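Single chain ahead, written as structure tokens, the form predicted alone.
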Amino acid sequence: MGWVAQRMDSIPSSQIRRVLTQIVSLGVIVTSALIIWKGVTCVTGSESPVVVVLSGSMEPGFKRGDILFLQMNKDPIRAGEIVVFNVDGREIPIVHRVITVHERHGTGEVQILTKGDNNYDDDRVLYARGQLWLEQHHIMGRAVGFLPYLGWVTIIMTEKPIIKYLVIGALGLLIITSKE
């Protein structure tokens, strides 16, 4: 413990204040980003208001690396809409077009069948074993807009983790060495 105390005494208090200020600033930035994200999820009604297209199944409309903006409201889902959905047992959401909607008039329950624009068959092979239709709770949101190619940053960092670590390390070094 004496060694740590000696080291702390040798560091000028202005340096300690600078490091603490940087740590607090980083905390404020992270907290602000989380608050903004939560606000956007509330406004859009979607648990994930932004997704990246990860495959070529929706070409030519959406290409791999496009960023989609989602919204979920109370309007019924209709054939022709592009939706993002989760399948039981899979982590990664899927972006495909609704091709068939069955509504049960007595219960109001909706069954949805999807297909990628660039795929030959419908998505029943992608659904959970024994599942023939999606239900409303599988749908994360409807595509309401997109930005082409910007999602490649996410794809590259996911597929090549070394790049992610280099970027994080460079940003950390920048924060540590920056002057006020």
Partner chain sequence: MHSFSYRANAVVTFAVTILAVMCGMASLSDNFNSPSPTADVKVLNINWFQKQPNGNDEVSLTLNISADLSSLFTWNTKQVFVFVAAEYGTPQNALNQVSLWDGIIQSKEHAKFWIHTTNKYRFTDQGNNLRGKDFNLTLHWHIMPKTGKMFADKIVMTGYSLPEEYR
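Owing to the predicted nature of the structure, the values given are computational and were not obtained by experimental measurement. Positions refer to the first chain, counted from 1.
Although it is not shown, the form predicted together with the partner chain is what the next lines describe.
From the list 22-30, 114-122, 151-159, 37-45, the contact stretch for the partner chain in the predicted bound form under a 4.5 Å heavy atom rule is 114-122. None of the heavy atoms of residue 87 is located within 4.5 Å of the partner chain in the predicted bound form. Using a 4.5 angstroms limit between non-hydrogen atoms, residue 72 is distant from the partner chain in the predicted bound form. In the predicted bound form, the partner chain stays beyond 4.5 Å of every heavy atom belonging to residue 127. Taking the partner from the other structure, the partner chain in the predicted bound form has no heavy atom within 4.5 Å of any heavy atom of residue 92.
For the partner-free chain shown, 97, 99, 100, 101, 102, 103, 104, 105 of 91-106 come within 4.5 angstroms of the partner chain in the predicted bound form, judged by any non-hydrogen atom.
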